[in-house]
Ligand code: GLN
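Here we start with a single chain on its own, the form predicted on its own, put down as structure tokens.
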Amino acid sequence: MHDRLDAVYGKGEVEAMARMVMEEILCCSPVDLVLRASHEVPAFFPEKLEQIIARLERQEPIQHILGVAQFHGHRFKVTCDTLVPRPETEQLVDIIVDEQGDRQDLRVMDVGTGTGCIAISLARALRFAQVTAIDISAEALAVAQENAKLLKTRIKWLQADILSMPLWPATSLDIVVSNPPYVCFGEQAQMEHNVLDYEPHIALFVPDNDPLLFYRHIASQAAQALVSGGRLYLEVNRRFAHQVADLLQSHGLVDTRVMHDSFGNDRFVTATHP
């Protein structure tokens, strides 16, 4: 793999992808590979590996090729209808679990669920949480429902457009969380081809002249639906994090905080219903 892919991805990333291929195709952990080094490779593997390398050369995401992605300690099915779950979004889940993990029976809404990675991870990490997840895409919801079944979690799924759906019932939620579309169309030139060419644009992009489009609707819904002391957790475009915080305050939410991701970027905004 290295001779064909290092120039495209870099040696470290190729090594990581090689481990993923071995684990998924040969069911081998790194330790297994060492212990079984003298074993013959299955007859099907060289052809399968060639197919994978050819797709990687076209910069197709390895998660789409293998059909799975790791997120918060779990394996999630991914397809071309869903975004590949990101490490930053794992941090968003960690923030919620760190703050809310000692509570139970929380009512949670995940807006723009995609693979269901946030909703399912919270349902597994929070005690007896009642989780509802929304997405506009029927195809994405089908993937999310399959993930919930595989991971033995019960989620209420809703197909809806957050931009046009009616207001949620008042004081009906303890937590609202969302990683909505937040990449401006004008940022496409800076994006990697494995994202731009293969991931669903409906889950990525917002108009250049209205980058807070989804946050405005989510803030309006959260201001109506959160109980007193309820919390809103958002993943955001680092360019607009402080604008999102100001927006939440304009909707009457308090204790707004901008938080960094592991790369030091302004990536998360949280707020509380007074």
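All residue numbers are counted from 1 along the displayed sequence. This one's a predicted model, so the numbers in the text were calculated from it and none came from an experiment.
Another form, the form predicted in complex with glutamine (GLN), is not on view; read the next lines as being about it.
Colleague: If you check in the predicted complex, is T82 within 4.5 Å of glutamine (GLN), heavy atoms only?
Modeller: Residue-level check for T82: no, no contact with glutamine (GLN).
Colleague: So, in the predicted complex, is R86 in contact with glutamine (GLN) at a 4.5 angstroms heavy atom limit?
Modeller: Output for R86 is yes: heavy atoms within 4.5 Å of glutamine (GLN).
Colleague: Since only the chain is shown here, I'm wondering whether F71 would be in contact with glutamine (GLN) in the predicted complex (any heavy atom pair within 4.5 Å).
Modeller: Contact with glutamine (GLN), no.
Colleague: May I ask you to state whether T113 is within 4.5 Å of glutamine (GLN) in the predicted complex, using heavy atom distances?
Modeller: Contact with glutamine (GLN), no.
Colleague: Considering I136, L204, A125, A142, which brings a non-hydrogen atom within 4.5 Å of glutamine (GLN) in the predicted complex?
Modeller: So the residue touching glutamine (GLN) in the predicted complex, by this definition, is L204.
Colleague: Of L158, M165, I95, V183, which one comes within 4.5 Å of glutamine (GLN) in the predicted complex, counting heavy atoms only?
Modeller: Result of the distance check: V183.
Colleague: Hey, of 173-181, 116-124, 102-110, 145-153, which bit sits against glutamine (GLN) in the predicted complex at 4.5 Å between non-hydrogen atoms?
Modeller: Selected range: 173-181.
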